[in-house]
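Take a look at this one chain, the form predicted on its own, written out in structure tokens.
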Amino acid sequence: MAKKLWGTRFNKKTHALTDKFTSSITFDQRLAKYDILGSIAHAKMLARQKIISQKDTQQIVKGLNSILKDVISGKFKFDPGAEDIHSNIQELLNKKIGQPAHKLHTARSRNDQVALDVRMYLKSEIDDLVEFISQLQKAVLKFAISNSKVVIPGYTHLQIAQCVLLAHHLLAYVEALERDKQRLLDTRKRINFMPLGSCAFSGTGLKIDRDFVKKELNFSGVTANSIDSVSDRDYIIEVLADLAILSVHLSRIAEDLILWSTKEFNFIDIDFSFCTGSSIMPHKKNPDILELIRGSVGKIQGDLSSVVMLMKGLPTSYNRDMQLDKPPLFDSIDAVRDILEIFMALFSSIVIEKESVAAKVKDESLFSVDIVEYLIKKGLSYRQAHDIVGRMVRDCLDKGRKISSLSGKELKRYSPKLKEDIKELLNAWASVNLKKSFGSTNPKLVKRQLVAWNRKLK
């Protein structure tokens, strides 16, 4: 059992149940690297300010670097009896260098120490997540470019609606993921303030140099209020909120792919390596991994709620409850990273069922809006055009007859403005080409977007 940093005042050992219940080493051990880097910067500052000697600092830094080397290589053995990662590293440093190690905790508390560790950890994780999101965007974009000539039926309310380019639909994913990236990067700006030097919550009477530590650890600024520095976890909540929104987008992508892979849709074939079978039905090919992605997103939403509920009733200062902010944070980051990696690999192996898709875009109900706009261009009001096409749909499509089978005379019964040239509108490629507005599914506009995103993501 590691010696407790606060044990001197206590005339009795803590109960084993207390030790077990209060220990955080099982989860905060992933902060070890950042705890050590923060301690090295802190030790250098203490020597620079002549609060401890250069000789002691040199031994402290040497000992910490030795521990850091083991942490990075995976050789470091965490002490399951340690109260937390800070105590674990401090105790190991004591064993390595002896008395000088006792000076390291000068002018700091575990309260500002853990706030520093988590901020450093989050900056690194955000950088990694942003890169993962970019890689997924590239995978989706590559898939879109490879299938840029494919037109699919688009849906609203899960009812067939209008024709869109598959690439246009895929670019919707790229756009949403870009906002997810920007949210994380924006959050990173607010995380990038160095809290060390706030100590327990009121600062210190020793002449420390917080700006020096800030520069050593590559922060953009220092926190301005010592109470706020140790008592708030809004930056954790913000990261979790960002991940919750990102995970919703990932879940919806998974849902699209699940639907598209069904026999009812039959738009895509998902590679066997991302599917499982049935223990009773030999014919089954189930997209289980996508279903598990969809399901795991509920836990990520729960992680956000967990920390919000944790924080909402706390008085403004440090409270031990905040130790429990880390498991949901770590779980969400791990889950999102796993999902992003899966999607990167999955998109490289999806096959479009082109014949099936081509058959589905022959449904003439997909072109009703094109006929409405044809009539508007002939001078009719939107309401008039909508009513005319509504009658055509009722009389023809609802009864199993195609609009393309109507003669010129029959068309004129609906409106004298209707001519047989409307039949040229009744195909998927014509439909997407008719769209002109910026941001629409027009092939030329979509191609420009593909080129622009390709350039941007490079």
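Start at 1 with the first residue shown and count on from there. On a predicted model such as this, the values are computed, not experimentally measured, just so you know.
One more form of this protein, predicted in complex with a small molecule, exists but is not displayed; see below.
Taking non-hydrogen atoms only, residue 168 never approaches the small molecule to within 4.5 angstroms in the model of the complex. A residue is said to contact a partner when one of its heavy atoms sits within 4.5 Å of a partner heavy atom; residue 306 fails this definition for the small molecule in the model of the complex, lying far away. The small molecule is not shown here, but in the model of the complex it comes within 4.5 Å of a heavy atom of residue 110.
Although the partner is absent from this view, residue 119 stays clear of the small molecule in the model of the complex, with no non-hydrogen atom inside 4.5 angstroms. Only one of 150, 342, 257, 322 comes within 4.5 Å of the small molecule in the model of the complex through a heavy atom, and that residue is 322. When you look in the model of the complex, the only residue of 181, 214, 103, 326 with a non-hydrogen atom within 4.5 Å of the small molecule is 326.
Stretch-level contact analysis of 81-89, 123-131, 273-281, 242-250 against the small molecule in the model of the complex, using heavy atoms and a 4.5 Å limit, identifies 81-89.
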